[in-house]
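Take a look at this single chain in structure tokens; it is the form predicted alone.
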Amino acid sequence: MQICVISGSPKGEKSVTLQYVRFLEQAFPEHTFSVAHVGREIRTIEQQEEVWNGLLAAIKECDGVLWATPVYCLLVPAQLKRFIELVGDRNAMETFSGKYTAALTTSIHYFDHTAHAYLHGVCDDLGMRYVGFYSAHMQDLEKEASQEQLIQFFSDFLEAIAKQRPIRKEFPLLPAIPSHYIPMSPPVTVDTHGKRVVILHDAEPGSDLEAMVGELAACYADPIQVAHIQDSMMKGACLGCCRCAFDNTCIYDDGFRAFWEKYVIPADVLVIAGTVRDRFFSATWKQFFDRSFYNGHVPAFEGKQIAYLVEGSLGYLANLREVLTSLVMTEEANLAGIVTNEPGDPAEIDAALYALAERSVRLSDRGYIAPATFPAVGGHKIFRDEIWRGMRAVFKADDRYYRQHGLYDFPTRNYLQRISTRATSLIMSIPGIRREVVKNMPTYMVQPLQRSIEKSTVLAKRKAKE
């Protein structure tokens, strides 16, 4: 069979993900693999028609398509995102329609599931037959058990092609939003109380997003900053070179860092405004997010109120919502809200924008950050363990930050807890004590909390006297 590999890595042949593809080439010598380096060659693909046509011809002639890509910032790299946009912009969907396809990614398993869900949705939109995915840790290829898993995954993919296995779509096409948003001036405006409000966007002239940005800006009584992310003058997307790992300095010498330091760092309230394009924001926004990796694994939005304006059918994109909300939480910020143009009723959108402005300032005044849930808690543990295990040798800026902020919070370092747990474990081995503890377990669980309640009552009375 002829397998076309769409490689999303900007590193080309030096891609970690591509090494998994090369392993499959050796394991399946009876099949032919052709690799399209769309991540590395995206500029050429954009500019040279013959290269674009050659790529489409390779896809049209192949028996199956394998998307092979690293995971960058909760999704695929911006370069691959741009390629997917080109497929839609140039009406090349028919080339992909009916092709059997699968995805192969490498990462540290940090939000690899959202990258896979995105690719799956895109493949369904293109009319492809999505067989499944293989998500590898970057070093899994060194393990024999992982090699066997990879072979089984690819064997199943080939079998699906050979037997023309029926594949059911999981993601329905996104509905269009027919109405056009025409805002009205807000009846009242929100005092910012000196908070710095920044709106970053990539709105097209005359778009609903442009209207939403303008209306939200008008909801604030004081001057705020509004900037198009193209003004950051990015020369290109993240190359995955890890040059920034040592001292948070990007290999690019362009305007991105100055833009970030001018708008993002000082902001108390940061509004991110984007339009849905093939199940995510634009490739320009993805490039912006990827380039923010120069901060390493240090929370770049810490303590801020983050809000989103979305033009598009967000209500049908649970995966995009998860990425947007998780990005806020994992960066130790707070989600002030999301407003879309989905309602269609201008008055309803106006009201939502005003409520967002009021809430963003109110929560910023109070310094409120919502408690972390699984994405942030799990993400912290992944980063903590990976950096400590070996990444700190290169990601020195991360290592310094983690040490300074006590983020190497391994449970085994709490020696009092270890001693207490060991002693309790020994005591619980006595049947009579174990039965008594189990019998009264609910009481034991709430006792510490009841003491906190009693303490809060005292604090409340003291506060009332003040």
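Start at 1 with the first residue shown and count on from there. The structure displayed is predicted, hence computed values, not measured ones.
What comes next is about the form predicted in complex with a small molecule, which is not displayed.
Exactly one residue in A102, L216, C238, V361 has a non-hydrogen atom within 4.5 Å of the small molecule in the predicted bound form; which is it?
For this set of options, the contacting one is C238.
Which pick from A160, I387, I108, V276 sits with a heavy atom within 4.5 Å of the small molecule in the predicted bound form?
Only one listed residue qualifies here, and that residue is I108.
Of the listed stretches (403-411, 430-438, 64-72, 39-47), which one has a non-hydrogen atom within 4.5 Å of the small molecule in the predicted bound form?
One stretch meets the cut-off, namely 64-72.
Is there a non-hydrogen atom of M138 within 4.5 angstroms of a non-hydrogen atom of the small molecule in the predicted bound form?
Yes, M138 sits close enough to the small molecule in the predicted bound form that at least one of its heavy atoms falls within 4.5 Å.
Applying a 4.5 Å heavy atom distance criterion, does F293 contact the small molecule in the predicted bound form?
Yes.
Within a 4.5 Å heavy atom cut-off, is V16 in contact with the small molecule in the predicted bound form?
Close contact exists here: in the predicted bound form, V16 approaches the small molecule to within 4.5 Å, heavy atoms only.
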